[in-house]
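Below, in structure tokens: the form predicted alone, a single chain.
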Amino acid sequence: MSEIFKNIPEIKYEGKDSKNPLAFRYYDANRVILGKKMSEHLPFAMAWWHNLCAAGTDMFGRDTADKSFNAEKGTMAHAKAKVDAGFEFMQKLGIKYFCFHDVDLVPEADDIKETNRRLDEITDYILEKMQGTDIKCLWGTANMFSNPRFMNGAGSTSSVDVYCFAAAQIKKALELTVKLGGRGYVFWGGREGYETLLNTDVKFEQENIAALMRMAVDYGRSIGFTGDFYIEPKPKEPMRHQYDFDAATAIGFLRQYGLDKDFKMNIEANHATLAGHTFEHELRISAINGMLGSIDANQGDYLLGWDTDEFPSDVYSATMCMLEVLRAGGLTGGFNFDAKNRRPSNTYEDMFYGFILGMDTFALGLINAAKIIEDGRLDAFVKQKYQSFESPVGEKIRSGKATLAELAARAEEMGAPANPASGRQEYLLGIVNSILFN
């Protein structure tokens, strides 16, 4: 097999003063932070769909980048060329994981039996490529949003035939995930939602989505899948209103239908901002509910109202992300770069520059988050803020032994409480800035 990314060397750590564009300045895989190597804190993954498939097409124009990798598109030869390109790419960057949708791997045939045959063929080839490397599958999923059959969703469809087809895709994608040793399986409900309530039975659709997920769990466990199932929340786009709006909504859905023991959240930064939240908010809500699983590492454009999937460059956001991840004890999944180069960034070098940017950004975020934890002032302030609940009455409230009547009687004795202490937000932001910028 000939080299695809010619003239691009193995990307190495050279330190913050390096001017080499094909080098890491902050991501040092073997650097130990808070007792673990950076590579253990940051299990990075390559998204098959963006890195090997997306070629710059948008709603206003066709491809600007060549992702043929010297093979004819729409053929199994091209599918294998993408495998070759992906493994060369991951090895040159030191990335240990990849993620995939079923139709990222092979061209979809008119007959699902032929599609499945192609999937078997290509995953056999992927297994061959994995041998002798330390590259693994982070998670798999099924694309149940691109094909016109899914115009009304997969689990939320009004067609029982489409529902059965979705079940068949999930079944095969789970088998492939197990075959490739995947640590997780993701449900991204790209069209699980509605445009108008005038033609929608929300309760009916949500019950059907839950039933499909329950069948997936049962089948996955029956074939030896021991990892986590994930929901990836997103509030809108492509549907006007999607059922997995944000982490809190998705967690409530899982608990309502008894799926919370098998599912965790796969949080995407860009989806968080589309929901009107910060990235760290979605991570915190997931963590305090015991459901922080994996992360799609990207960022959006605050001036644009859609899912731009940019490579992360915001060090402040990455720092807040890593602070939540460290406090939660890490992830069961990893950091998948669900990100794509901008349309004018259309060369092979740009593919590497994007990943270098993202990996360095999260490495800086990890370094900064560890400094914040070691500094201790933020944690001490939060502890002090709630100190009044360490009093006898506070402890009684926290233990669930207080009654409304006795608390009301205490309030009457006081007459009026003193104002709470200052939240000192500006002071705390100053601490963060002093740590980030020395």
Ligand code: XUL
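Just count from 1 along the sequence shown to find any residue number. Quick caveat, the model's predicted, so the values are computed rather than measured.
As for the form predicted together with the ligand, it is not shown, yet the points below apply to it.
Contact annotation: residue 49 falls within 4.5 Å of the ligand in the model of the complex, judged by heavy atom distances. Among heavy atoms of residue 307, some come within 4.5 Å of the ligand in the model of the complex. The ligand in the model of the complex is not approached by residue 150, whose heavy atoms all lie more than 4.5 angstroms from it.
At the 4.5 Å threshold, heavy atoms of residue 253 stay clear of the ligand in the model of the complex, well away from it. The contact residue chosen from 183, 277, 191, 101 relative to the ligand in the model of the complex is 101, the criterion being a non-hydrogen atom within 4.5 angstroms. 232 is the sole member of 205, 228, 232, 324 with a non-hydrogen atom within 4.5 Å of the ligand in the model of the complex. Across the options 256-264, 135-143, 158-166, 118-126, residues that bring heavy atoms within 4.5 Å of the ligand in the model of the complex belong to 135-143.
Residues 271, 296 are the members of 269-299 with a non-hydrogen atom no more than 4.5 angstroms from the ligand in the model of the complex.
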